[in-house]
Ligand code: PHE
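Read the single chain below, which is given as structure tokens and is the form predicted on its own.
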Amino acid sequence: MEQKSIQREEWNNKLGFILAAVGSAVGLGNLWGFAYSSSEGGGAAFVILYIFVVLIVCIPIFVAEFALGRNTNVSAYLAPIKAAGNNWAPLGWLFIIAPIAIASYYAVVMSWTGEVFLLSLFDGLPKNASESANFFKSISTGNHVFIGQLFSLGLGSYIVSGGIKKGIEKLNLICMPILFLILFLLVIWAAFLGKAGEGYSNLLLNFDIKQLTNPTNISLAFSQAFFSLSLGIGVMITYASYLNKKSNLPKQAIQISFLDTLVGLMAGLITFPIIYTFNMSSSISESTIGTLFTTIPTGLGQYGLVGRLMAVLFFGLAYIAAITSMVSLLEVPVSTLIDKFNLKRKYASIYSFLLIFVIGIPSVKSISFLDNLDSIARTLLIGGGFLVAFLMGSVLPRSIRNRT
């Protein structure tokens, strides 16, 4: 591997790294996917399976990815090669393909999120099912989606171009406290909705023991956990490559997993009361997209001015969560271009932006394509996570595995 002429950056402190990793993990997968997955997976049974997968599977993989990144100090593409040789180059390619693919459609969903935020602020929300269909069509089709996609990718690329300390770390130090504050306020507000108790019951108390052994439900828990925690796609390897050698990796993995799971549960404590209070439960299981962009706006649209205010807070929260995840996805190809070709960060950010924009055009044009790409990406990240675990647990020398 060629000698790097650009000195590798480091996180300013442990808090910056933890907030950045939490920012990557906390995204639309929590706010968009958790309610849908809980609904499909039988409420409490899904929650139990999800927590089990996080504790037994995801935290060890977290530590493995952190160890691989910190001990190699290179991008996710180069890390498997540096650690175990060229035979592991395909894993490096997976760590390039998966985050680029996810970022390409994630920017489109961010465009929809931003538009709902603006409509909530300046225009209005749908008040019934017929209006909601037209509402979603209005935000998900047309040239304005390209504008939202460009803005989201451009904003993420601009932040990444600022570097680790002045870009990614600074963003998360500002955004994550705001995110948790808004989330807390929305949880309190949702608790006073008319059918909040029914929503809580269906999320946490509706328990069918058969769902614990349902293969579909188990698969759903794995998919949601890996996607939500940004595992198996090179993000955590890349972030850990900027760590110093004194970091306590198991402790940090537990902290990040706990905060991410907490956000998912808090998001459920917001969405389920909204859905059951406004009698939208029949539409929540229709699609993951329907939960965020039709069900919730329609429910809040029935609540007048207060509903619009809550929509502004909720979709503002969603966009903050999304941009912290987007920068983590962008950092993977950017760090690869810096490490592999000695590019300056500014140019690496521009090239990554252009590539992901072009790849994202089919997702702008077709929601079906977006859904299919999402399904493929979720499969890739589970495979990537287990390959990292195998690499760190069975292939590399014990002396390397123990540097945690």
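In case it trips you up, residue 1 is the first one in the sequence shown, and so on. Nothing here was measured: the structure is a model prediction, and the numbers come from that model.
Keep in mind that the form predicted in complex with phenylalanine (PHE) is not shown, yet the notes after this line are about it.
Contact with phenylalanine (PHE) in the model of the complex holds for all three of 29, 106 and 329, each having a heavy atom within 4.5 Å.
Looking at residue 388, you'd find every heavy atom of it more than 4.5 angstroms from phenylalanine (PHE) in the model of the complex. Interface membership of residue 228, defined by any non-hydrogen atom within 4.5 Å of phenylalanine (PHE) in the model of the complex, is confirmed. Within 4.5 Å of some heavy atom of phenylalanine (PHE) in the model of the complex lies at least one heavy atom of residue 325. Heavy atoms of residue 235 reach within 4.5 Å of phenylalanine (PHE) in the model of the complex, making it an interface residue. Between the options 256, 102, 160, 274, the residue in contact with phenylalanine (PHE) in the model of the complex by a heavy atom within 4.5 angstroms is 102. Residues within 4.5 angstroms of phenylalanine (PHE) in the model of the complex, judged by any non-hydrogen atom, belong to 220-228 and to none of the other stretches in 134-142, 85-93, 220-228, 192-200.
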